[in-house]
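The chain below stands alone and is given in structure tokens; this is the form predicted alone.
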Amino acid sequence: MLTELFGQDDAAILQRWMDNQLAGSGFRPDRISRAELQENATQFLSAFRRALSSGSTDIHGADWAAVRHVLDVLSASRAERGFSPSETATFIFSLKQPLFDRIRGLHEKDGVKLADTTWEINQILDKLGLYTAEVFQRSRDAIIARQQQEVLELSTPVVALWDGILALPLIGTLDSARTQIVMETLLQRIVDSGAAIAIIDITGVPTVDTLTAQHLLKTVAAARLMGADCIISGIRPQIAQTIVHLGVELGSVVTKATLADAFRVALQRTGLAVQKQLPHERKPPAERDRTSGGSEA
């Protein structure tokens, strides 16, 4: 029985295991403390001993649920802290030597039992090590996906240029995933601000292909359903040629070469205009304050 590996020597096995981890490359004192490492090891050994006492060696079975839980938490935590997969899996593999020494002490005179027990515990630890690496990889993939989502959200700012006029500057490639973020962000700002016009600026978009143009048109159509007209700015000569060559039909969407041109059109549509002040109409700040009643009588 594998349960005979534990007993009065539990403390010695834990200490040997801790010594191996502290001396190995998997220990990162800049990312985990010795106290936390000992707590992880103690929790694992407790769950590991109970799982072995069940007689089952199926680490995916119900009897091993507590062991998997400890490894799930540990792997996710180490993925967050920047550990590597091998550093994380070393938590399990460094337990082999203390257990093998324990097996040798128990079955030194019985070669067959020594070999059988060593092989059985080695298989279990290998499976647990692989499980730990798999959980770590899933956790890291989830972290990367979340970070990419956050970058997408940060890379699609909606700016209020004027009362009722929004601008959405796009930089980089516009794919399906990013289009969804762009659309949701823009529509939410339209609802929040009640804007009537949204300028989508693609000056920072390197290339425009058929798919990119379709994404833009979907965004424009969604904004119209919310009661806002869209203007696309940043149409450079090469992009205009590409759109014509691809045969993309932008329909009634207004396009402008620069954001300034688009803003001018937006102001006209809202009945506003920017007028240059003549030199004789300009007043010093102090005089403007007196005229506006900003100074005390």
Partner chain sequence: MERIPILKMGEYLLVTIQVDMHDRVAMTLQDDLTARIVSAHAKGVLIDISALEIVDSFIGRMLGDLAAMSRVLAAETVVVGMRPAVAITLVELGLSLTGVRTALNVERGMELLRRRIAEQGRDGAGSD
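Everything numeric here is computed off the predicted structure, so don't read it as measured data. We call the rigid core the largest set of C-alpha positions that still match within 1.5 Å between the two forms. Residue numbers count along the first chain shown, from 1.
Not on display, but discussed next: the form predicted in complex with the partner chain.
- The partner chain is not drawn, but in the model of the complex it has a heavy atom within 4.5 Å of residue 227.
- Within 4.5 Å of some heavy atom of the partner chain in the model of the complex lies at least one heavy atom of residue 195.
- Taking non-hydrogen atoms only, residue 209 never approaches the partner chain to within 4.5 angstroms in the model of the complex.
- When the partner chain is considered in the model of the complex, residue 77 lies well away from it, no heavy atom lying within 4.5 Å.
- The three residues 92, 96 and 121 each lack any heavy atom within 4.5 Å of the partner chain in the model of the complex.
- Taking a 4.5 Å heavy atom cutoff to the partner chain in the model of the complex, the contact residue among 190, 202, 213, 128 is 190.
- Taking 73, 114, 171, 221 one by one, only a single residue has any non-hydrogen atom within 4.5 Å of the partner chain in the model of the complex, and it is 221.
- Heavy atoms within 4.5 Å of the partner chain in the model of the complex belong, among the stretches 100-108, 137-145, 77-85, 182-190, to residues of 182-190.
- Positional change of residue 175 between this form and the one not shown reaches 2 Å or more at the C-alpha, relative to the superposed core.
- Core-superposed comparison between this form and the one not shown: the C-alpha position of residue 95 differs by less than 2 Å.
- The two forms, fitted on the rigid core, differ between this form and the one not shown by less than 2 Å at the CA of residue 110.
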